[in-house]
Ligand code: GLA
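Quick setup: one chain, the form predicted on its own, written in structure tokens, and binding and motion questions come after.
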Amino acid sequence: MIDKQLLKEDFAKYFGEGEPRFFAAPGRINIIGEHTDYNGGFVLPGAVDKAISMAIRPNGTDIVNLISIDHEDAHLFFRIGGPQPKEQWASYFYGVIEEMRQRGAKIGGFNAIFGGDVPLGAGMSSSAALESCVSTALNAIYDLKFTKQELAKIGQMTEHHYIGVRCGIMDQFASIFGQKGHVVRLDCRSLMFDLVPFKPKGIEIVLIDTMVKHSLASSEYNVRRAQCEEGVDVIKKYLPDVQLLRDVSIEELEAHRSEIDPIAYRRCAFVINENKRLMAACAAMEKGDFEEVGRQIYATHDGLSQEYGVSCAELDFIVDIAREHKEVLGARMMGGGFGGCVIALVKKEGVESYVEDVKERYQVKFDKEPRVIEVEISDGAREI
């Protein structure tokens, strides 16, 4: 998270006198439950200590003035109610504002400077962190009284309508509702959730970034969603109460396999089995059995790679190395796919040997060094 004093000094440099307010919203990890959210299933994310931070102050006009620290202090402005900016980073602000205005909110112009330390392209949802930071800030400074659930939905709809990614609600929900020392067990259909204590003794969360930017993730994400919907449409002809893939059992899917495109069938089977894996992992976690949690995590990676088709050679390589280290309980690709991070649960005494082994062998095979990201489970979006 960017230092508050640095934000304050930069705000004064660009926008002059006047005290801004400060907000932050985190990126997230997801222990298990991948590509289940937009199918109405279950996920198990946690907010982390990497965040987007922002200083913001109303300016009494209808103009939004933005400074992005992460884009070499790029300065951009747009008019509220005017055309959408061409720059994607500014479109997150524009989209959040428009989604709020469509819900009856009255929002004036403001000056804002923002930046963060959520690694881009690593599957840690830097975009959701930005949406959550903007929505939390505007909700506070204009006293809009949106609930946290509504703020998460506003972020999700910003992605749908202004960025072109038909994402589920997991990323925004985790960024808004995260709590230090807990993961969020979220039912993505009802939005009911539990904060589950996550403090495994002697086990650390290790993220290894392939340094492969998942350029295919957005377009292929939409393809996977359409394939899942294709399977649901077939099942609905026989079971009209089915609305989402979450409502379908593996037996019901199998019964109508001949009518479903073979690739769509594999996508659907992965999602149904992933929900079962998440429930098994949660039951094991409640018993303190992180060996079983790790087995479910490995099974998730196999499904993502072989059934859902969203892994890549670099991700598979890092997970394969993990299987050789008995101190690694489980590892899998995390996020949309085609690059980004591997998340691993590793016994503390085995972290160094696993990381060094990955670095050395990855460098030889792919001629680049992966990035190791240290994270702790942290709090969600807030004023700082």
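Just so it is clear, the structure is predicted and the values come from calculations on it, not from any experiment. Counting begins at 1, following the sequence as shown.
The form predicted in complex with alpha-D-galactopyranose is left out here; the points below concern that form.
Participant: Is Tyr221 near alpha-D-galactopyranose? Define near as a heavy atom within 4.5 Å, in the predicted bound form.
Facilitator: Looking in the predicted bound form, residue contacts with alpha-D-galactopyranose include Tyr221, since a heavy atom lies within 4.5 Å.
Participant: In the predicted bound form, is there a heavy atom of alpha-D-galactopyranose that lies within 4.5 Å of any heavy atom of Tyr38, even though the partner is absent here?
Facilitator: Contact with alpha-D-galactopyranose, yes.
Participant: Decide whether Ile169 counts as a contact residue for alpha-D-galactopyranose in the predicted bound form under a heavy atom distance cut-off of 4.5 Å.
Facilitator: Residue-level check for Ile169: yes, a contact with alpha-D-galactopyranose.
Participant: Just to confirm, Gly330 within 4.5 Å of alpha-D-galactopyranose in the predicted bound form by heavy atoms?
Facilitator: Outside the cut-off, so no.
Participant: Counting only non-hydrogen atoms, which stretch in 99 to 107, 170 to 178, 232 to 240, 279 to 287 is within 4.5 Å of alpha-D-galactopyranose in the predicted bound form?
Facilitator: Of the options, only 170 to 178 has residues within 4.5 Å of the partner.
Participant: Quick one: which residues from 309 to 344 get a non-hydrogen atom within 4.5 Å of alpha-D-galactopyranose in the predicted bound form?
Facilitator: Gly335, Gly336, in sequence order.
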